[in-house]
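Next comes just one chain, in structure tokens: the form predicted on its own.
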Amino acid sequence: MEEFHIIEDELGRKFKTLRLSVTPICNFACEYCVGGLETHTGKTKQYNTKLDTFKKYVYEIHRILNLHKVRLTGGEPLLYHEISQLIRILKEEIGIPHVSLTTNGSRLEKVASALKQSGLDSLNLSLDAIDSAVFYKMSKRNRLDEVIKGLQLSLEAGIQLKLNCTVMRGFNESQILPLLEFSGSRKIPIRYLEFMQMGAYYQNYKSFLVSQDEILSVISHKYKIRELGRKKSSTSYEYETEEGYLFGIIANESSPFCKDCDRLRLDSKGVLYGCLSSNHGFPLEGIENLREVLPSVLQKAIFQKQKERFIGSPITMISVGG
């Protein structure tokens, strides 16, 4: 690994976390991600970027930035046919200190043990409801039992686990307390995400937004809570109940965290994005002298970051990586 470059913007922000989308394919059709539109299912090999390509991109990015963390996303990253091999490469060959993964949990039952053995450090499981009818309303799938079983097997495998719940008015706000109690009783932290101004709901997202204050109000109606604060570059404001239930709120709208954001995104086609607010990324595919050009590309990407807050984007989360 060669000397690292200084890539930063006028606020002193640097890229230290890479969110790598390994596939644009998902076997769910979650409302907040695709706006009720179905996505490709079934055969996925035709959408899989080669392992060596991901290895090359991440190696060159890490060589410049000295990344602290890579999070694997999608689509559904567990549909990527070489996910365990990729994790092992990131950890053992490239030397990424922390490798994590975000999943809908539908395939965890089959691969939880393999993920742990490959070196996965942590896992975020998107669970938007614990009631089967609400789960279907959010995901358009009747697979809650599979997700819960996969969750349990992940815990048994020793994987560090968090739950994510995107809260949408009219869809799953009834699940705030049930999910807190479900996660808390299993000693799993949960994070509630404010609905973002993206994709199909770009124009009318506020109709579905359940704010940070509303989420706190629902929880504090039953539990005494104390604020734990927000760590630098974290997306989440953390809280704890007297019972020891840990939860966070990713309040993209109510309490923006852009000022110290350290995230860089690479989608499944090899396009870099410095910020979700930008509709235009920087393609890496086809660049012959990537090592020489990449520092300037990364410098352009970091200037995509907003100074204060996310301004919304019509692109869908599934297209750029959740």
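Start at 1 with the first residue shown and count on from there. It should be emphasised that the depicted structure is a prediction, and the values quoted were computed from it without experimental measurement.
The next section is about a form of this same protein that is not shown, the form predicted in complex with ligand SAM.
Remark: of stretches 143 to 151, 178 to 186, 100 to 108, 223 to 231, the one touching ligand SAM in the predicted bound form is 100 to 108 (heavy atom within 4.5 Å). Under a 4.5 angstroms non-hydrogen atom cutoff, ligand SAM in the predicted bound form has residue 33 among its neighbouring residues. Using a 4.5 Å cutoff between non-hydrogen atoms, residue 80 does not count as a contact of ligand SAM in the predicted bound form. Mapping the unseen interface onto this chain, residue 195 counts among the residues with a heavy atom inside 4.5 Å of ligand SAM in the predicted bound form.
Contact annotation for residue 7: none of its heavy atoms lies within 4.5 Å of ligand SAM in the predicted bound form. Residues of 69 to 95 placing a heavy atom within 4.5 Å of ligand SAM in the predicted bound form, in sequence order: 73, 74, 75, 76, 77.
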